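Shown here is one chain on its own, the form predicted alone, set out as structure tokens.
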């Protein structure tokens, strides 16, 4: 008779080495089709067009987060923080499932064919559905995920300015992109964690690790997540999906998988019912990529052109500025595009104005606190002798303008 307990409970991770899956419940969650889908969702969207190694997935990240959470719980228990087995299990499940609602190519879907629903909201829907399947065993994990659990430090481990999510993705994305500036000391940060008055704090010896974490986050945002090529590629993908949705809503037939067809030909908003959620669970990067390859030969010139540009990495030109672009420059781009045979309708898809914002540390909410031996608890901005930490609390906004490469502006 075959045993119902699966003994395969170790995963080899390139960042941390061997990761142990702590129990059968978590193993069964990882094995569930909803979670296995994360193997087919890229962690960094279109960033591989800039950093070719950035092909790692949400699956890598989620399992890595679970590993770091296990370590954080062990550290806190060793320092005398009382954490029950149920709490330990729940916080590991909360961080494991925190990204389960991500759509294809990270955030592109949220801004195109699904209206007004975030990946966090979809993650919560998946967790509630899994909770029914697993007979209520995720109830505490859901409470922590929503930030409603009375023991605040457990909520902070899952979502705060120094949470396990950030500790993994900065280190992991640094590894796969080769951008060394993001290689933070996540293990050192975890070793320095403690809980005082139900608040997550970092012991004073960890101050330099926290400084590096904040600076590393700033550099990763500018060099990787907000790299101008990554930004323009994601905007083009959003516009491509928006164009496909526009055509679908007008009855134009588009080749696509059944899952993608469902979202193109329906108005999908925050009213996610069970059918929509189950269809979403079958939607991944492969549906999108396969459709884009087919759409290259579609009769609609806008859909076809955007598809070809993305597949062949022939992206729009992008300019970045600290100030908004002048209206006369926008009008000149439109004039040249019309002269080259572009239609006014094409402006919506091939002429993109937007902003990106980077705030490495928000000193207004969820502060990172240093804990001193004399009992003082001080915000990192006041504790640090690094003046640039104070500077990094200010949001930096950059304006960008994308347009066809044949256009020349001063």
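As the structure is a computational prediction, the values presented were derived from the model and not from experiment. Positions refer to the first chain, counted from 1.
Form predicted in complex with a further copy of the same chain: not shown, discussed below.
S.K.: When a further copy of the same chain is placed as it is in the predicted complex, which of 333 to 341, 262 to 270, 150 to 158, 293 to 301 ends up with heavy atoms within 4.5 Å of it?
M.R.: Going through the listed ranges, the match is 293 to 301.
S.K.: Out of 193, 96, 162, 179, which one falls within 4.5 Å of a further copy of the same chain in the predicted complex, going by heavy atoms?
M.R.: If I apply the 4.5 Å criterion carefully, the residue I get is 179.
S.K.: a further copy of the same chain isn't shown here, but in the predicted complex which of 73, 248, 201, 215 has a heavy atom within 4.5 Å of it?
M.R.: None of the other options qualify; the answer is 215.
S.K.: Is there any non-hydrogen atom of residue 364 lying within 4.5 Å of a further copy of the same chain in the predicted complex?
M.R.: No, no contact at 4.5 Å.
S.K.: Answer for residue 328 alone: is it within 4.5 Å of a further copy of the same chain in the predicted complex, judged on heavy atom distances?
M.R.: No.
S.K.: Please run the contact check for residue 55 against a further copy of the same chain in the predicted complex: heavy atoms, 4.5 angstroms, yes or no?
M.R.: Because a heavy atom of residue 55 falls inside 4.5 Å of a further copy of the same chain in the predicted complex, the answer is yes.
S.K.: Would you please decide whether residue 312 lies within 4.5 angstroms of a further copy of the same chain in the predicted complex, comparing each non-hydrogen atom pair?
M.R.: Because a heavy atom of residue 312 falls inside 4.5 Å of a further copy of the same chain in the predicted complex, the answer is yes.
S.K.: Could you pull out the residues of 18 to 34 that have any heavy atom within 4.5 Å of a further copy of the same chain in the predicted complex?
M.R.: Contacting residues: 18, 31, 33.
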